[in-house]
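The data below hold one chain only, encoded as structure tokens and taken in the form predicted on its own.
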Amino acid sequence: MNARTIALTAVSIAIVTVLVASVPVPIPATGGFTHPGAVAEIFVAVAFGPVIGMVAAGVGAALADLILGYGSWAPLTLIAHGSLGLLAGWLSRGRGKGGMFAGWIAGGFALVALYFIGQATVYGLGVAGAAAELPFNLFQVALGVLGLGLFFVVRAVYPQIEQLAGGKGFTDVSKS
């Protein structure tokens, strides 16, 4: 792992943490909260790939849980949000806009399913309790489309963003 990858990962974790922690909306039925963190998670995964996406989404969201006093949710958050970042980054690699949208949908489905299963079983909320949070998790994932939009805008003005995680040298696109 090189210094660039470590720096990208650290900054991405910080961005996810801040976005998750900045607007927590409590969900009384489950004792959890929803947030706009999927915007940053999808952006990072699509821009920098599955490994950075997984680590930034999982660790960033889990750190926000710890910071905000939702520490009991941090293990499930690490896995659920990490899955979102992994799938979004993996499915978007080299597959164009279709792959990016597929990654967002598949990663979002994984996040919602993992939260539902974890809440219903490990956290003892049962199916009814876990179902109470479904609309909030779906809304959270839906916000991820803004992360795709952000990526398209950033890539339009800074095409080299796709080279950052790949370890390739930079190309001066103004001379192309």
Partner chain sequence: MPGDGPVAINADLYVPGRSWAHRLDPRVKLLFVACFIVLVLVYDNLFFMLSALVLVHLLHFSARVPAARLRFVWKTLLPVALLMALLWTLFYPRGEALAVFWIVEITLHALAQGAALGLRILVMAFAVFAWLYTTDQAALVRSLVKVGIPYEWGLVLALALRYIPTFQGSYMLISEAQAARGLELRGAGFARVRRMMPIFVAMIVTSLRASEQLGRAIEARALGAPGVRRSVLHDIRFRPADYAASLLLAAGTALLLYLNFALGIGEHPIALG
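What you are looking at is a predicted structure, and each value in this text was computed from that prediction instead of being measured. Numbering follows the first chain given and starts at 1.
One more form of this protein, predicted together with the partner chain, exists but is not displayed; see below.
The partner chain in the predicted bound form comes within 4.5 Å of no heavy atom belonging to Y115. Within 4.5 Å of any heavy atom of the partner chain in the predicted bound form lies no heavy atom of G98. The closest heavy atom approach of A142 to the partner chain in the predicted bound form falls within 4.5 Å. The partner chain is not shown here, and in the predicted bound form it never comes within 4.5 Å of any heavy atom of F136. In the predicted bound form, T9, A10, V11, I13, A14, I15, T17, V18, L19, A21, S22, V23, P24, V25, P26, I27, P28, F33, P36, V39 are the residues of 9-40 with at least one heavy atom within 4.5 Å of the partner chain, listed from first to last. Note: P28-V141 Cα separation is 3 Å or more shorter in the predicted bound form than here. Distance between the C-alpha atoms of F139 and T30: shorter in the predicted bound form than here (change of 3 Å or more).
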